[in-house]
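The chain below stands alone and is given as structure tokens, in the form predicted on its own.
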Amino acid sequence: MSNALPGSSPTDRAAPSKTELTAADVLRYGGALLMVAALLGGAYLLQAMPGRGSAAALSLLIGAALGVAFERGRFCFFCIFRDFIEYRNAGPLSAILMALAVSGIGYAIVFGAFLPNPAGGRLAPDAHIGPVSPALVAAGLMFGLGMALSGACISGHLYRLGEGSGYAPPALIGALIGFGLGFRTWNWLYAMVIADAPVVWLPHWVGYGGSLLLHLTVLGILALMLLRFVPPLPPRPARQLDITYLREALFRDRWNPLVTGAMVGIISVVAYLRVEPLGVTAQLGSATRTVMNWAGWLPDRLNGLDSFAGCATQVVQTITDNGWLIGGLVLGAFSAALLAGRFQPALPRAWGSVTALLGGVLMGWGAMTALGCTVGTLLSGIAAFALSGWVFGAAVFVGVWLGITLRLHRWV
């Protein structure tokens, strides 16, 4: 019997990889480098702007990092839920669980600096902690159905916009329309079910330590329950660690879900610490609210809306920090797609555009009513130990399950 370690013999090692670059590779890498340079240059110029320049610059770079992580890890909530519901593959779900675990640890550390005593009745500043009401459940269900109809969540459409997706533009236009409908129904929902709804923040009751322990315990139990649905990893031949291997691992192959989730979690903590909690709908909603306000289509008062944290929408006359984050997300995903050879512009089919638009409308209404989407209310909310995040996440999952059961995802 040989005592050699697996992969240590010459026959075990794969042949050295080719290191030559094709003309297409040079064009892709050159384009990506130019985009990275443009992002850095844009951040430098933003930083020099008076007022909130540094926050805008950091938002642009955080968005770019998020776009790269989303694109390379295929971090789309709809795709992840669909893989589990339709194919019984829970592997991609580990990215969400890891993101929540890492961001929960980071949030607990940061919260202590901002609000040392969580039992005093105040909420963590700006954290996405919302009221738990039937409106939140309805918003999650509609958002999930919209994801199935359009083929992605709002953040998924944003990073796919960087890949050249033809269905992202109609879906995002639909989201703007949905936000408008949400503003029109807000006052009625607020009076009926939101005004007196409880705002449940776990650290009020068990402190940061107890909240983090419960948070990690729930995530750990979910991970253990899902283990049997994780398919075995395919065998991979031994590879020499060289430039080609690193290039393929970073820029071409899909990142491991655990690595992707950890990166998303770290980005989430940095975003909260330096600017605001992650969210991708505040600028979209604010743009809609501004246009409707200018056109006189809004009621005189949106009761209670501006008193809630989350992806709050405001009447604005400029690009907000959230707008720079969204721009960075799209450009970061574009750079990553160029490097991976996944930038493939395509014209959408007419019927698919209609379903993407309708799905966007449902997602826009859901995001406005829930004060955020799968990134703001679900990811940032759960990381902040808010019950509203778990309720919204469960409702979104049920909505996606209904959509897939009704085969709505086959329409796009």
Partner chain sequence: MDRTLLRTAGAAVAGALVTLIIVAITFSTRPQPEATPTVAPTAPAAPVVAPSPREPRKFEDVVVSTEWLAQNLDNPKVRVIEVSVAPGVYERGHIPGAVNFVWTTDFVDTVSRNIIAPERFQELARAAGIDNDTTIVLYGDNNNWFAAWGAWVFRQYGAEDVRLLDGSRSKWEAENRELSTRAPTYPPGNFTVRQRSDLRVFLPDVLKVVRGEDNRVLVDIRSPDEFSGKIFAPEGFQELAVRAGHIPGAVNVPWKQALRDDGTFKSVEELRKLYADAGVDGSKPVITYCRIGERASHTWFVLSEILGYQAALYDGSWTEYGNSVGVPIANPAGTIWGVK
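Numbering follows the first chain given and starts at 1. From a predicted model like this one, the values you see are computed outputs, not experimental measurements.
What comes next is about the form predicted together with the partner chain, which is not displayed.
Is there a heavy atom of residue 244 no more than 4.5 Å from a heavy atom of the partner chain in the predicted bound form? No, residue 244 sits far enough from the partner chain in the predicted bound form that none of its heavy atoms falls within 4.5 Å.
Considering non-hydrogen atoms and a 4.5 Å limit, does the partner chain approach residue 108 in the predicted bound form? No, no contact at 4.5 Å.
Look up in the predicted bound form whether residue 342 has a non-hydrogen atom within 4.5 angstroms of the partner chain, and give yes or no. Contact with the partner chain, no.
Applying a 4.5 Å heavy atom distance criterion, does residue 194 contact the partner chain in the predicted bound form? Output for residue 194 is no: heavy atoms all beyond 4.5 Å of the partner chain.
Of 225-233, 247-255, 148-156, 88-96, which is the one stretch near the partner chain in the predicted bound form, taking non-hydrogen atoms within 4.5 angstroms as near? In the other structure, the partner sits against 225-233.
Counting non-hydrogen atoms within 4.5 angstroms of the partner chain in the predicted bound form, say which of 308, 188, 84, 114 makes the cut. Comparing distances to the partner chain in the predicted bound form, the residue within 4.5 Å is 114.
Option touching the partner chain, based on a heavy atom within 4.5 Å in the predicted bound form, out of 206, 291, 266, 259: In short, 206.
Using the arrangement in the predicted bound form, list in sequence order the residues of 213-231 with any heavy atom within 4.5 angstroms of the partner chain. Residues within 4.5 Å: 213, 214, 217, 221, 224, 225, 228.
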